[in-house]
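There is one chain below, alone, in structure tokens, taken in the form predicted on its own.
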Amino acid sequence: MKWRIRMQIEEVPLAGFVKITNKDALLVLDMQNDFLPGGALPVIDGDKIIDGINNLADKFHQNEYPIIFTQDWHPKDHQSFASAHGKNPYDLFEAPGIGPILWPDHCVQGTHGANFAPRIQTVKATLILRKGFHKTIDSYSAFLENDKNTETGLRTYLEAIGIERVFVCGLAMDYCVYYSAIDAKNYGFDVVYVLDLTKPVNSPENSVSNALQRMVDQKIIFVTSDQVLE
């Protein structure tokens, strides 16, 4: 049997310096209280990327290039929650539009956990896009909900303002940032994944290595934030 080597974060090939232009947009995924330490679904060190995201957003804002923030916005009985099925958070679960695992209740509409982290500078946003508000469909990607049929409207918006390339960052590396990067690529956008401005959930096993390998295979470009030039 031939075993496939798992890709590690430090093994991801970096593209080098990339200059932003008026054909670029910055997409910041789900920088919300529930995904930070102390939240209902905390991503380890998720708070440590806030300053870097603000600095990157400054580069776009100063040039009047679009910045889009996404916001998970679940009803309290969302079907992606383990509590909706009498199961435990992170249990494996597959259903149309839901899975591959179940989550703790998080980012419930109107709660503190659904609010953006206080230090993240959403004042610079061109657009704030809420997702995951359909009870029976989860929405990792900023472009396409998990039924793989329902669009969020982001693709149409970016095409309407002439965007050809998106830079992606935020939370989490192996879920919302990853799925957004893949869908953006599938919709014909060039994609730059800012590797140091995202952190992973790491569940289930191999979620990070599988996501990284697929993005490499799809020829998504990887950079660090200091390689993004105005």
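Residue numbers here begin at 1 and follow the sequence given. Because the structure is a prediction, the values reported are computed rather than measured.
If you look for the form predicted together with pyrazine-2-carboxylic acid, you will not find it shown, but the lines that follow are about it.
Undergrad: 53-61, 182-190, 161-169, 30-38: which one contacts pyrazine-2-carboxylic acid in the model of the complex at 4.5 Å, heavy atom to heavy atom?
TA: Correct option: 30-38.
Undergrad: Does Phe69 make contact with pyrazine-2-carboxylic acid in the model of the complex, using a 4.5 Å heavy atom cut-off?
TA: No - in the model of the complex, heavy atoms of Phe69 and pyrazine-2-carboxylic acid never come within 4.5 Å of each other.
Undergrad: Quick one: is Phe143 in contact with pyrazine-2-carboxylic acid in the model of the complex, heavy atoms, 4.5 Å cut-off?
TA: So Phe143 does not count as contacting pyrazine-2-carboxylic acid.
Undergrad: With heavy atoms only and a cut-off of 4.5 Å, decide whether Leu26 touches pyrazine-2-carboxylic acid in the model of the complex.
TA: Flag for Leu26 set to no.
Undergrad: Given that pyrazine-2-carboxylic acid is not shown alongside this chain, does Leu197 nevertheless sit within 4.5 Å of it in the model of the complex, heavy atom to heavy atom?
TA: No - in the model of the complex, heavy atoms of Leu197 and pyrazine-2-carboxylic acid never come within 4.5 Å of each other.
Undergrad: Just to make sure I understand: among 11-28, which residues lie within 4.5 Å of pyrazine-2-carboxylic acid in the model of the complex, judging by heavy atoms?
TA: Not one residue comes within 4.5 Å of the partner.
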